[in-house]
Ligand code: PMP
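Okay, so here's just one chain, in structure tokens, the form predicted on its own.
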Amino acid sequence: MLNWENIFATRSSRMRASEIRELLKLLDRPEIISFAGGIPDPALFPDDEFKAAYADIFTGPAVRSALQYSVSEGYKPLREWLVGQMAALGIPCTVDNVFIVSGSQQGLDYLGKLFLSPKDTALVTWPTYLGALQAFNAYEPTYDQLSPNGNRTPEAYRATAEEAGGKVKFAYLSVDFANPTGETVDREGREKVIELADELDIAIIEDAAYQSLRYNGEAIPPILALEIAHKGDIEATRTIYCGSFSKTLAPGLRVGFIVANAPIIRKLVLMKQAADLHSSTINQMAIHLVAERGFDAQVAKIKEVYSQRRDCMLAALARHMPKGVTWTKPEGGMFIWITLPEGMDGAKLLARSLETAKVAFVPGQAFFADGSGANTFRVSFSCANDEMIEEGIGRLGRLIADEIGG
């Protein structure tokens, strides 16, 4: 039998199945209460708005261009709309600074390909978004821990990268309601990341997938906005802002975007041309119409629902979790991060939970580039109603209490 492992590129050995993608299969099992998938509630999708948008496209003069090849940069009216959105965030830019990708995950893959040579170092938080690790792993980097409010020196980061055989190339982080922790980086931490990047002469990849989903607390300017305020113009910045419509409008349409200085955008366009030419034109057109007609109203609708579910889950955790278990208290997003007592294992707990409690969650270890974090796990409240949350967290609390007691 042909041994494909002898033929595959060495980078393929670093590719692993996503634990989250695998756990999503549990959503089809009616007996399981799932807090695993960090996905939007489909009941909140703007179905009617998309029906109207596609109907308008197919009955209007733009239908043929909607079905035709298009420019790699992305649908210009959508990019123009995004220019206005960025300005509201304190990020003045032009359409030349906006690039459309097939979901922000494709953007992360492109950025890994653009910056990382084998043995180069990517700075990531401990834990970090699993999808980012999957995207970067193919380019054979090493990882070092990024602590926005820590006090490691640029020289220490540089020395560690050199020992690994490469250079530090970028710092990747999600500053608002991060996946998986739900935590937010404060303004001081964002400023420190800019200072560190300037000292190391590296890029900053700012993953803003959840930026729109703030439920309480004061909004903090994105890293890119802070850098523009310091340096005067987006063309002088090193931050690459990655956004998405997946958490607000429709993940299935796979429309994301990157905002950065023009030289970065030009390189990304070349990658797009080599990969898939351009993102789906008709989907970009539909996203543009729905966003233009009611983006703020859609965001307000989902924020009202998700904030109530977050509050419900936080209250259930306070009622049902035994002593020694701690959790984050996010101001937005979709996730709560739970830390078990030392010595407990989230993956083993999941196996027992699926067998006895019938509750799914995501073990935390996969989110750590160094394989630590065994005593952590992630829960999502986005697709669970109050009854599911109360019952599911209650079952988990009893299971954990039994484990601690045992």
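In case it trips you up, residue 1 is the first one in the sequence shown, and so on. All values derive from a computational prediction rather than experimental measurement.
Another form, the form predicted together with the ligand, is not on view; read the next lines as being about it.
Just to be sure I understand the contacts: of 247, 169, 310, 190, which is the one whose heavy atoms reach within 4.5 angstroms of the ligand in the predicted complex? Exactly one residue meets the criterion: 247.
Heavy atom within 4.5 Å of the ligand in the predicted complex - residue from 260, 100, 205, 209: Partner contact (heavy atom, 4.5 Å) among the options: 209.
Just one of 144-152, 91-99, 295-303, 172-180 has residues with a heavy atom within 4.5 Å of the ligand in the predicted complex, so point it out. Of the stretches listed, the one contacting the partner is 172-180.
Even though the partner isn't displayed, in the predicted complex is residue 254 close enough to the ligand, meaning a heavy atom within 4.5 Å? Heavy-atom contact with the ligand at 4.5 Å: present for residue 254.
Does any heavy atom of residue 104 come within 4.5 Å of a heavy atom of the ligand in the predicted complex? Residue-level check for residue 104: yes, a contact with the ligand.
Residue-level question: is residue 115 within 4.5 Å of the ligand in the predicted complex, judged on heavy atoms? It does not: once the ligand is placed as it appears in the predicted complex, residue 115 has no heavy atom within 4.5 Å of it.
Residue 129 versus the ligand, in the predicted complex: is there a non-hydrogen atom within 4.5 Å? So residue 129 counts as contacting the ligand.
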